[in-house]
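Next up, structure tokens for two forms of one chain, structure 1 and then structure 2.
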Structure 1
Amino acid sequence: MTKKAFNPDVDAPKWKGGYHPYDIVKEGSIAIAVILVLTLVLAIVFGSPDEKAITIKTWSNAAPLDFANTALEELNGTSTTAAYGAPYNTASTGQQLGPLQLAKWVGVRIPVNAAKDFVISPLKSLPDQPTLDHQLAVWSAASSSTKNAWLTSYGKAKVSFVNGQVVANTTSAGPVPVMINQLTQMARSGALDQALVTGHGFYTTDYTKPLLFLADSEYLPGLAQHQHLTGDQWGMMNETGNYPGQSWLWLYTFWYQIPPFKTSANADVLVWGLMMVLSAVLLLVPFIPGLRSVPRKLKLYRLIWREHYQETE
């Protein structure tokens, strides 16, 4: 039987030196007390942020034309959600990691039909609206080409917000002006928030649809920009106010700030792929020749164990 050669980056010398008293229970108790006091001081001095959540009601009242434009994009299929792809719909292939179309392969697991879920179904839920019901019937009976012509006409028209109404300067948009205006009225009353949240019944904790609708707006990113939360402001690791946020995500957020990720259409999947590789490398450091030698060559350990080396030299 041959004895394995000693590898300084894998094996450790057996300790033949002395020992000193060590009260692990006392150390643990003191540590908890110190951390508790430190936490109390930080919480009292700095508090924590709690910027109130926005609603579709607040959005549509603060920026009715942005809401109307977003509703049009949901209807004509040009919004981010409508054109997203998996897991919401099949409108696009989604991001690719080289030849891997991961999202597409997993498929549509959280179905979202932007036009139907965000516009048509909420409007249909409004009671006692004969004019709207008629316009919705006209919409449903129309061919795709007719719908597209109406939507194009509405998109080219000058749209304004006058006396609480969304008004489009066009006569060739079919039922679209009534639909957009009625949806805006519904949103401004708060009824659309409820209609989107309660889609699965009375009890729900799933806010996927209202959040997707909000995220399609210009309003939400505008507020985020003001709070220094957007992607080019290292937003993923920040939170509202002057708080440290998720600073441990600095490396993940860093990649979004530099090429090729900054300009890539596949930035998300590329950054995730890279972070998974780096996490695996960190996990497997003990088994990676060269990398596991770095601590021995850096000699930072001499600072940590300086007393030991002073005694042995």
Structure 2
Amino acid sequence: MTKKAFNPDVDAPKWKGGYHPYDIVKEGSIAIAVILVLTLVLAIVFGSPDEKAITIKTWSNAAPLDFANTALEELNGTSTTAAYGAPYNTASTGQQLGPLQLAKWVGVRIPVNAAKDFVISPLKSLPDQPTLDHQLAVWSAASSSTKNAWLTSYGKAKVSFVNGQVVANTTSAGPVPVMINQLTQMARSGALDQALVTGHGFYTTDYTKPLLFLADSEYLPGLAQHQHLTGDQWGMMNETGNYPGQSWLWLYTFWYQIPPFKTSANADVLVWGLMMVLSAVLLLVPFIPGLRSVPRKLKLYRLIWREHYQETE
């Protein structure tokens, strides 16, 4: 029988060097103990670099007019969430990879009606508000064209925050001024946070709606910019402030800094697709002729294990 030829890319040569005892369990235990002690000491000394959680109450008290403007966008359907598409609604095709409309294929998995879920339903949950209840009834009974006229009028009005109230300089916006002002008061008290979280039951940990509402604002992106967390600041691999975060995410973050990803509305899914391809290539390196030979031909392993080769050669 013909002896199979040795293939350096696939076959491992028979080891002819020496052997040394090595207790991997002992070494691993020592490493874990050292890391544990360092982690505890550093946590006690420096604490967590993270900021306190941002809530709708925080936002509406810090920037009440921004909250009011965002609430108006939720009502008129121009907010990011309202126009996002799948998985929240059917307003657009959503993220797509070239001609592949991936988000649309998945469909609406987390239904969100921005006007109803962020404004109307929370306001209806407020008890003992006869004036508000009447205004909500007027809103519900109005036609779409009438609602649009009210929203347009409010959008053109000069809006100010005076003595804890959102005041709009208009008389042709129907119930919108009352609705926006009441929602702002509800948010500033913290009741809106609760209403958005417990909308589908008493016990829940689904923070999708308050997070989406916050993400539609100008306030949250401003905080992200200040904390060096935006995309053009390599924010995905940063902690708050100047603290380093997940450095292993540098490759993912890198693609957001260059065209066409930098300016694409589908950047998230494009980067995801590229990373899937790169991950597949990495996994298949041992099976790709030529590419699998690169480490052997570069011989970097001899530099890393130079002491070993000096002893055996």
Partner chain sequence: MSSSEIERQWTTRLRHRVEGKLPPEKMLPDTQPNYVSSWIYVFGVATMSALFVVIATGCILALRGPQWWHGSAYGHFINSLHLWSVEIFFFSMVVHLWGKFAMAAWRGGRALTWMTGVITFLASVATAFTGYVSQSNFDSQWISTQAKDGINATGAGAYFNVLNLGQMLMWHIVLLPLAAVVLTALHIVLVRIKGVVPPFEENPVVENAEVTQ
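If you superpose the two forms and keep the largest set of C-alpha atoms that fall within 1.5 Å, you have the rigid core. Reference numbering: structure 1, starting with residue 1. Quick caveat: nothing in here was measured; it's all calculated off a predicted structure.
- Both panels show the same chain in isolation, but it is structure 2 that comes from the form predicted on its own.
- The Cα position of residue 93 differs by less than 2 Å between the two structures after fitting on the rigid core.
- Residue displacement note: residue 300 has its CA displaced by under 2 Å between the two structures (rigid core superposed).
- Core-superposed comparison between the two structures: the Cα of residue 262 travels less than 2 Å.
- Core-based alignment between the two structures gives a C-alpha movement of 3.4 Å at residue 24.
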